[in-house]
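First, one chain by itself: the form predicted on its own, in structure tokens.
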């Protein structure tokens, strides 16, 4: 990616967060990037292509976090690994929560946004599911539905970022909330005393 393309994508992200999808015009993106619209269209052809590239860049950051979990040592503590990945996810999502919220809201109303956002979400869930499948195969996780586990994990980290202002003082800071979540995620909530229940 050349410097001009990088400037256009950075500008698109900034305009999208401040103006929403509807208010993000190619003219505004070009002005924010310091290029003319002709250059913008030559590089990306449409606003939808720019949005697609913005999503792919952010998706790749999230996938890199999941890939790091694939590299876990077999003797690594699963709870520690999940906590570390969760903290990285929360940091990543916190930095992009405005963008994610706008895309989700716009995706409900605009099929073109949904078409771009849906595959990215599916890729993220698929990759984390594969990671959990590997952990099941290696005996590090019990036999559960890895897709449900992936959606649960992603949903929690997203919700913590989305609701941080409302949850302050209720469940502590994001790190404390994640500690509690990882404990519940890895151990469940039911106290098992009876061997027949295991």
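In this text, the rigid core denotes the largest set of C-alpha atoms whose superposition between the two forms falls within 1.5 Å. Positions refer to the first chain, counted from 1. All of these numbers come straight from a predicted model, not from anything done at the bench.
What follows is about the form predicted in complex with the DNA, which we do not show.
- Residue in contact with the DNA in the predicted complex (any heavy atom within 4.5 Å), chosen from 61, 138, 152, 36: 36.
- Only one of 125 to 133, 45 to 53, 153 to 161, 140 to 148 places residue heavy atoms within 4.5 angstroms of the DNA in the predicted complex, namely 45 to 53.
- Taking non-hydrogen atoms only, residue 14 never approaches the DNA to within 4.5 angstroms in the predicted complex.
- In the predicted complex, at least one heavy atom of residue 4 sits within 4.5 Å of the DNA.
- Not displayed here, the DNA is approached by residue 27 to within 4.5 Å at the level of heavy atoms in the predicted complex.
- Residue 45: CA moves 2 Å or more between the shown form and the other one after rigid-core fitting.
- In a rigid-core overlay of the protein, residue 130 has its C-alpha displaced by under 2 Å between the shown form and the other one.
- Core-superposed comparison between the shown form and the other one: the Cα of residue 30 travels 2 Å or more.
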